[in-house]
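What follows are structure tokens for two forms of the same protein chain, given separately as structure 1 and structure 2.
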Structure 1
């Protein structure tokens, strides 16, 4: 096991308190890549369809549930809608690890803020903190987000790009299926829709992504955020892709796999006559 390095001076202490990512291996990796053809590891990126709409006093977000790793489906029913605060949720597209950690970090920051101020977090606070962080990492943290929430100032919907630029919009879509979803939203969005109509619209937009974009698939998750209730995730709101055929296989009889060797090791030995001394 590697020894834990003791901080040598105040600079080390400062460094350890600063937080953030460690880039200590970047130069080494670049050198290795130049010497021998080593491929850096590939990240799980979810080719995704996510979208969101803002209505009179409600925000609705939606996402598909396929997560891919190249041409393979890594997860058929993953969750792309992330909790940030009771009244703020976001849908994420891009690098899975970045999304998970960024949204978890934001969730903890918002909870601390809520406890410190005793007030409900505002959507613009989340947006500013996310965009500052993403800008700092210059697009290397691959988070494309559709962020929605309802706060004291009303409903808000934002899209945030990996480089840290933000847009405030009445309806948005992101991810590889965003074009398919946007086609539906552009055709049918109207700010006077009811909540039910809104849910139907976002689900239809996500379905367009699921069926027409190979990076997106499986089910539709929807999140409705209202002023009174906060956010509610409707997990698998629609399941348009159930398996259509399954053969009945005879089970493998016991003993199909040969047992090469059998060995039973006693991991715990029980001593019967132990005398306790003081």
Structure 2
């Protein structure tokens, strides 16, 4: 017969199934943080201004074109409007690599869904898949998205945060310049605007972000999404920071810097009339 195990004491059970936060590494972490040469990883602030508005049968997105790498401008004319499907586009703020791979993956999934079902993908499908994917990574995928599209149920505009939360709004802005852009949208948005008036409004909102946020700059890109045509990207719709002139640079005259020593070494010798034979 097998031996019958005696019931464990309640405190022993708690000790063997101990949960909660572990403080074992606190002393180690404090020591590492006290060392000058060792710095803990810190989050890097990203700079962008993106926005979108929903009208009666049109969704209009807009974004600036400045890409930053810390305090430096890495790209003055990058594209922040991403294709998801013919009728669904999004403007992205956050980490460039995360945005590119996330939107390309979603583009692939929506194309496979379209071919499998034979129907145009809905905006809510894209939002649900993006929200589930971002929530799974708990914010470590740095994607802040303003997603818009027009499907069989009409125009839709969503904002999606890196942790996976979503909002459905008539107008919205995200990024480091979102406060300046939102001030323009709240003051001048009207759902009865025409398409041309809507384009001018989102461009004005992005300009507010460009002129009031150091992380935003360069040009304004606009995307107009309609039911019949789908999405149309207007690249460099406005150029508020276009350079009007370039400073002339005159070469320094010979002798500006004194030459202390000059030496010319012949590294290669060329022999003429040499024929290679077997």
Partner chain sequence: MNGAHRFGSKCDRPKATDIHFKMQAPVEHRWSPYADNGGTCLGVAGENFVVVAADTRLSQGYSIHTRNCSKVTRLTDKCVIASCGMKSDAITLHKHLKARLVMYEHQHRRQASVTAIAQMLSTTLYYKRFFPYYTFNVLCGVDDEGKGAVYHYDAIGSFERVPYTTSGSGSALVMSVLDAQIDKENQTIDTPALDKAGIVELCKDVLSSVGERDIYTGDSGEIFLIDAAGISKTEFDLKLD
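Since the structure is predicted, the reported quantities are computational estimates derived from the model, not experimental observations. C-alpha atoms forming the largest set that superposes within 1.5 Å between two forms make up the rigid core. Positions refer to the first chain, counted from 1.
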Completion exercise
Answer check: the form predicted alone matches structure 2
Problem - Residue shift check between structures 1 and 2, rigid core fit, residue 239 Cα at least 2 Å - result: no
Handout entry: Is_shifted residue 56 between structures 1 and 2 (CA, 2 Å cut-off, rigid core)
Key = no
Handout entry: Core-superposed C-alpha of residue 229 shifting 2 Å or more between structures 1 and 2
Key = no
Practice task
After aligning on the rigid core, report the distance the C-alpha of residue 248 travels between structures 1 and 2, in angstrom.
Solution key: 3.2
